[in-house]
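The chain that follows stands alone, in the form predicted alone, written as structure tokens.
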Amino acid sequence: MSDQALNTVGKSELRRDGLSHVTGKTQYVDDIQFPDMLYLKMVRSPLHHARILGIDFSEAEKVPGFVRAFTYKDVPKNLYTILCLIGVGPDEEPVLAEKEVLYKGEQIAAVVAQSEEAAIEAAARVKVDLEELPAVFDVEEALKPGAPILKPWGTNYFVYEGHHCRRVRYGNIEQGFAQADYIVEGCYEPKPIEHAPLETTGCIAKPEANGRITVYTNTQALYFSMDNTALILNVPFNKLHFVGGTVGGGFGGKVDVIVEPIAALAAMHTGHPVKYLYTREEEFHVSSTRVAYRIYFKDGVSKDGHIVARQVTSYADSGAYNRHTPYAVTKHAANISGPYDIPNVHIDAHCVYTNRVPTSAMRGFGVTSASFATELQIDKIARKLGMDPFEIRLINAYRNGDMRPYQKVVGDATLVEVIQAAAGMAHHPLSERFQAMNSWDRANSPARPEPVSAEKRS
């Protein structure tokens, strides 16, 4: 390979699809049209938590252009299988609700019609008999005795290897606090964020003459979505052909595989292409958001700025179902101590179920919220000690060879250099001692406290 082929750093490279985007030539899912295409609209729960007593399609069937309706009985494996593909279970979210609904907007039944207008009208005429049940919307309330239980295994939390939360144990937290000169506490609550893609979530499923179903989709994860759809429909993977490439904005939210299985099912049963595209209102109301957290910090700090102990209790609001949140909480627990060398760490990270819209992936999910809270806590410590916020980060920054609380040795740290560079770009002066620090040795650093003892990580 020539030197020229590698010489791209510092240069502006044109996107291969940029010109077609800005000239309006890109074809998105909503631009695709087929003869005799049908349109799918969803009957959704108007309540946050309810028992389904019955569904009446008689008035919907009278709408001109109505083709048919689908319920959970029509779905071969009526469970989203998102997490099973990465080894996390159990599968617990239905494709179409069976006995109860756990959040407002949950999918109950799908209606297919010859026009979008007819599908909207028919879905509006479906009568669902619901018995409203108590709901819970706060993560800590959901864990209290007497809260309505949402999960069939009898808890409102995900079970991690027999534990009620994802746990990290390193050193001895109590003795670490005993060493500290100051205790600094804080609570941080990153809120849910809607992805708001310019193109709403959607797909078109088209039956082919060879018996395959081609799905034109704006998913972010083409093969992941195809595999999940095949498992839900109980068909061989090679029966599906997924076509993507124009996501129309995703940011993590378009990996949930919500529209593809039911659209493909409708195409298989009707023999027609079927479009299922969220309205803008649906995108805001029922698509997954970034996970909301409530994060409690308790830090033990020495007079010279070392964090000698960190205890964190974190609650992630998964909403009504798993989606990707149990996995996100594992990443969250691993990163909530921050990129800092803290000798005594105690973390309890809970994945909690509430009667809210399910949450899922968004831009470094699990880690982003951890970093947000961690850095706010570092600033709070700096104010408490009257120290420079750059310097307190340099004092505690991890280096090559340090052990992370989850028992991984740091091998490629450049944190010290990044902080130094950021200070320089901000024209923030650092003393000669802090300018001389690096990620390979501690020769110019304050003495680092050693762990009090080593507890086995859980």
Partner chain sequence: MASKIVTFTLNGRETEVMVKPLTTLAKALREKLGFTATKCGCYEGNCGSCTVIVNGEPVLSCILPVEEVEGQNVLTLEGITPAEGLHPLQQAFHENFAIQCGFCSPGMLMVSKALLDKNPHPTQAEVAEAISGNLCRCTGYDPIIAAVLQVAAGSNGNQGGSHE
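Values in this document were obtained by computation on a predicted structure and should not be read as measured data. Residue numbers count along the first chain shown, from 1.
Although it is not shown, the form predicted in complex with its partner chain is what the next lines describe.
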Options 68 to 76, 263 to 271, 248 to 256, 91 to 99; stretch whose heavy atom lies within 4.5 Å of its partner chain in the predicted complex: 248 to 256
Although the partner isn't part of this model, could you tell me whether residue 26 comes within 4.5 Å of its partner chain in the predicted complex, counting any heavy atom of the residue? yes
Is residue 113 close enough to touch its partner chain in the predicted complex, meaning at least one heavy atom pair within 4.5 Å? no
Taking heavy atoms only, is residue 19 within 4.5 angstroms of its partner chain in the predicted complex? yes
Wondering, does residue 199 line up within 4.5 Å of its partner chain in the predicted complex on heavy atoms? yes
Candidate spot 121, 129 and 234, all three in 4.5 Å heavy atom range of its partner chain in the predicted complex? no
Going by heavy atom distances of 4.5 angstroms or less, which of 320, 362, 108, 342 would be at the interface with its partner chain in the predicted complex? 362
